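Here's a solo chain for you in structure tokens, the form predicted alone.
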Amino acid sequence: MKTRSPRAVVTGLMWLQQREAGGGLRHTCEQGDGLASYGWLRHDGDNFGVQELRDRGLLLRTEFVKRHGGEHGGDWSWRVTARPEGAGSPASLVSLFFYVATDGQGTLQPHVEDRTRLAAVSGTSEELGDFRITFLRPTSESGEGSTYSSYHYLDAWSPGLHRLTDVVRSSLSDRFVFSPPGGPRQRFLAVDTFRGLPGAAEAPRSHLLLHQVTLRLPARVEVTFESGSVRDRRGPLAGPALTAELARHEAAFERRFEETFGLERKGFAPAQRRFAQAALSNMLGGMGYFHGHSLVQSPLHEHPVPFPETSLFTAVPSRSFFPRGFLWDEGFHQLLLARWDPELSREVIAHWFDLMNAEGWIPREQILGEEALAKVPPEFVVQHSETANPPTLFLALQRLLGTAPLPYLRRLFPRLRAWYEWYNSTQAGPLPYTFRWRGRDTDPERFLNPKTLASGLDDYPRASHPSADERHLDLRCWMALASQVLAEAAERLGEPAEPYRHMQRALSDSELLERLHWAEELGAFADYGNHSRAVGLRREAGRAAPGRPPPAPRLVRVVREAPRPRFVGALGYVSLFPLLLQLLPPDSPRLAPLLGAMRSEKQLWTPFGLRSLARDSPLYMQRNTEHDPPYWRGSVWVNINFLALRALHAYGSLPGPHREQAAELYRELRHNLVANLYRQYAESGYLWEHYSDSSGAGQGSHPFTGWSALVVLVMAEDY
């Protein structure tokens, strides 16, 4: 729990099952911890949340409620219930670690009872004013009576919030014995004297106060935060009062969810509705406030330089693997959040546009602060100021335009215009009304097909030999959408709209689109560039240095046919973009082959959704390097399937020769996607980054409740 401020006071929870070694300490979300499942079951984005975590026989249920009041946001309370899970689970000894820490500003004062129990912390900070955090004594699972516990506390300093886990782990000692009256004695780990982090050269910045309570299951612990500026407090938000507030908020969430998405009216079973609630709740519960600076490489500097410090309030793709902002992901996130809470969505979008530099560029990946930086491989830290990302925020703005207050649009419009003009000036293609992603990898030996990270589709096949002559279909379609939204925003504000309408008409012109991007031999739209159809990987022995053993053989790229300017023979998501963004008129003759490719099991159709690359494409499921497995080369991705369903829903409702075919495809695809995501969630406990096109199994990062949570809008048929 933290405030939306650059140097917030932070509170949190760690836990340790005492049958494990110190390495079993849980704190941040890590895929490698192997939890059976964790995530929010209900979270309204503002007032309350309910979360469950399953960790090898331990079930933790965390609940919080906020109660507004005073001048600094009001009060909040936690409740953590711990119990054994599964038949025959032992009455485990578990330690819960509740902590509060500063991050460069604010003061904390411990209040200790009996020399070992941290009963409360009083403090002050710029945003919160005076406050008091109280750690109540544990009770039974029902909240009645007390339970025997051992208490320990830690008062330490950390180089930063990103090292809190290390501070606690380095402070654990096994010299303590749990001795309940009349019960078995057991040695356990508890925090002891902190002597500093080994080899840490950073100056201390975070003051950490930690309350450890060790007990046998089942048990319940509550923590209250009370703001000093609340004058008319009705009493502590604990015990029966907390139970009542939780029940009230849960009932309000259920009503609001049904009013918003109508899944009960659509006939979804209670378990399916709970799945959809969890998908939305995890996106809301995963939102974060980040502060720091990007490291940027620009043509004006020889080496990367830090951007000015800035802040970002954003949703994230994945709490465990991508806990930071991603530009093209965020446009998809906001499609769902704008439906749930338009005001919240407008605030997030404003944060993103405040990241813009003077040229109109927004870094595609936001790595702000030490906690975010600790999760990023070094090769992805530097952001390149010539590299774009799909402008998907226009998708969300398209939904918000009609209801956004005019003062908000008026403040946003200059940034929208600057962003749009940046794409037109820096990502222009070799011919009028063509576009080209900059920043493709040009190393001819490294990749089977050089990546295009800027497009968001990473290893999706493009021209085999990157050049300035490329024409990228997906970017052209994104710019058609951007032109439409700019025109609509300008018209609403009374600004000149014709330049944007002119661009929209040109980029939507069917004849021009076909001339630039229709590949007759492929029977689909395609990229154009310097391309070879005969490229492969070959194992090649490296040369040994004199007197040294030979290096291990490596895979290198071989080109068996000289590249030449041509359309790229890859049928997949990129081929569908004129349909996905609904640039084709309902009577377009090109709709028929695209719909046919979507329904063909030899190409894009699977029982789980549309695969990203046709099964008969040359690079289908091909590794890009020895250590680089296929990513956008066959897997089913929810964000593109959402766009496909949105488009099919539209084409299936418009008069035209393809209306019935589009409507039938829509019904089948929607059923397949929803059924598989629900089945995988029920079996694995998670939503996933992408899904196998052969088995439907979840793959990649998990939990991935970024754009995979769009399944809620699919279930609601809200496009």
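Numbering starts at 1 and runs along the sequence shown. Predicted model, so just to flag it, every value in this text is computed and none were measured.
The following text describes the form predicted in complex with a small molecule, which does not appear among the structures shown.
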Please determine, with the chain shown alone, which of 530 to 538, 322 to 330, 495 to 503, 438 to 446 has non-hydrogen atoms within 4.5 Å of the small molecule in the model of the complex.
322 to 330
Check each of 456, 461, 286, 572 and return the one that places a heavy atom within 4.5 angstroms of the small molecule in the model of the complex.
456
Just one of 623, 375, 132, 137 has a heavy atom within 4.5 Å of the small molecule in the model of the complex. Which one?
375
For the three residues 365, 380 and 704, verify that every one has a non-hydrogen atom within 4.5 Å of the small molecule in the model of the complex; reply yes or no.
yes
Does residue 578 make contact with the small molecule in the model of the complex, using a 4.5 Å heavy atom cut-off?
no
Report whether the minimum heavy atom distance between residue 609 and the small molecule in the model of the complex is within 4.5 Å.
no
Is there any non-hydrogen atom of residue 631 lying within 4.5 Å of the small molecule in the model of the complex?
yes
Answer for residue 55 alone: is it within 4.5 Å of the small molecule in the model of the complex, judged on heavy atom distances?
no
